[in-house]
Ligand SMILES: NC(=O)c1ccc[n+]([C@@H]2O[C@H](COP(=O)([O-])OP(=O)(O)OC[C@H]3O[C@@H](n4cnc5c(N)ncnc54)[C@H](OP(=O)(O)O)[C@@H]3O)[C@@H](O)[C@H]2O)c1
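Single chain ahead, by itself, as structure tokens, in the form predicted on its own.
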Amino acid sequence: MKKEILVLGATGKTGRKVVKDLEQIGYPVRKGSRTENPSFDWHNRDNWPEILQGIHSMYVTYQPDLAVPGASDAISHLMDVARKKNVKKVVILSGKGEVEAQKCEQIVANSGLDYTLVRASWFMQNFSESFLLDPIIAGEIALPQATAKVPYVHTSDIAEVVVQSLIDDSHNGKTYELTGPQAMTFSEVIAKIASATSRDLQFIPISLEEYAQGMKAAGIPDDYAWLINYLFREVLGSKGSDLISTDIEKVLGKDPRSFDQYIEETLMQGVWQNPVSVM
């Protein structure tokens, strides 16, 4: 009998795909999100014991990111509850190159539970499901770190690695760094999207200071603005941010999805087209 798996962040970019993949191979899944009943909320720990009751393994994604202040305290408390509820294994999503997030990784590694650490590069889906979508729709994308190359990774590849890590004990104690097969600058990415959509998209290099000011002027919440600034400054600005990993091939036995494949999928969704004007 397959044992129940908890997926925290069950409606998120990777979580919803992990849920779908697990259910397709017959695993019972408990969804952890604010929209479920009982709901899971990182800021309300009262019902965490109830949510973890009877759970064998769990996938953890922390919102907005493991690097933000307060994340380590939340992860530490979650591990305490998991031990008390006899959870056997934790797979946690972290960020490639995020030194701050590694504090949370160590909490999981030292928890006494079986674990797998999954460090992902920037998601391809950031251009279609996150903070880079609106600028693309507007046709003008102004970003710092213009020369940084990023090996963007597809969230479906992340989800498949997570599922294998949850159901196969051979991945216990492993740390996987997940990237796509090609590192690209923002201008190269925008050029690809512009060509595929037949749109005139303008990439404008700006400084970190200008970007931070723009987020403040746009009313971006402080914690989210801090995270975005951290990712640009510390992750994209760090040595090795462009390194390509072969861990997806090692775990899944196949090549990671390319950015061109991601573009083809996203074109089918129509999210990059010009907004329709209402007269």
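A residue's number is simply how far along the shown sequence it sits, counting from 1. Just so you know, these numbers come straight off a predicted model, no measurement behind them.
Keep in mind that the form predicted together with the named molecule is not shown, yet the notes after this line are about it.
None of the heavy atoms of P28 is located within 4.5 Å of the named molecule in the predicted complex. Taking the partner from elsewhere, N47 is found to have every heavy atom lying beyond 4.5 Å of the named molecule in the predicted complex.
In the predicted complex, none of the heavy atoms of R257 sits within 4.5 Å of a heavy atom of the named molecule.
Interface membership of S76, defined by any non-hydrogen atom within 4.5 Å of the named molecule in the predicted complex, is ruled out. Looking at 31-39, 49-57, 213-221, 248-256, the stretch with residues near the named molecule in the predicted complex, meaning non-hydrogen atoms within 4.5 angstroms, turns out to be 31-39. With the partner removed from view, the residue among Y176, F123, F203, Y115 that has a non-hydrogen atom within 4.5 Å of the named molecule in the predicted complex turns out to be F123. Counting a residue when any of its non-hydrogen atoms is within 4.5 Å of the named molecule in the predicted complex, the hits in 74-107 run L93, S94, G95, E98.
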